[in-house]
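In structure tokens, one chain follows: the form predicted on its own.
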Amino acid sequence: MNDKQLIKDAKLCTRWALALTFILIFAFPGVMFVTGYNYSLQFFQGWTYLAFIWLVTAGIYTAVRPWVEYFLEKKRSENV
């Protein structure tokens, strides 16, 4: 992978990360706060479970993805 493509992909990932952070942390709860929604314990538990599921999924993907790329690259180099 060349540097130009790497920089382009890094910018794309940064934009996605910032957008998701803004939506999940500020926009969604902010709208509920502005409309006067009363947070209940069940809502907080659901929100917390969703956050942990998101965290675990992202961690697994981040840990496994380099291994998958490594084996795919190794397999590709063996076929050449």
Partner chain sequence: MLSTSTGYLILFIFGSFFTILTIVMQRRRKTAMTAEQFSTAGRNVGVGLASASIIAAWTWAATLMMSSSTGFQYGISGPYWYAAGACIQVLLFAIVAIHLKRKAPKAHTFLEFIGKRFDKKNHKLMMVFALMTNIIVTSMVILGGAIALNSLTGMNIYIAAFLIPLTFTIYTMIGGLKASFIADYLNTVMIFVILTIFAAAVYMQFGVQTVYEGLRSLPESQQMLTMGSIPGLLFGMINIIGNFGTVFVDQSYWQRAIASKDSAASKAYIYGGIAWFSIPFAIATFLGVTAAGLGLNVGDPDASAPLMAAHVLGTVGSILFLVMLFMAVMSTGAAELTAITNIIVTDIYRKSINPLASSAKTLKVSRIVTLSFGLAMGVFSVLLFSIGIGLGFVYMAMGIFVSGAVIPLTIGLLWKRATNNGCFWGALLGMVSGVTVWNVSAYVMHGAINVESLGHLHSMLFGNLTVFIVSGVISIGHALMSNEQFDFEAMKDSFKSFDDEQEELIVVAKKEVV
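Keep in mind the model is a prediction, meaning the values are calculated, not measured. Take the two forms, superpose them, and find the largest set of C-alpha atoms that agree within 1.5 Å; that set is the rigid core. Numbering follows the first chain given and starts at 1.
Although it is not shown, the form predicted in complex with its partner chain is what the next lines describe.
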property	result
In the predicted complex, F71 touching its partner chain (heavy atom, 4.5 Å)	no
Proximity of E78 to its partner chain in the predicted complex, heavy atoms at 4.5 Å	no
Any residue of 46 to 71 that, in the predicted complex, places a heavy atom within 4.5 Å of its partner chain	W47, T48, Y49, L50, A51, F52, W54, L55, V56, A58, G59, Y61, T62, A63, R65, P66, W67, E69
Core superposition between this form and the one not shown, C-alpha change of K11 at least 2 Å	yes
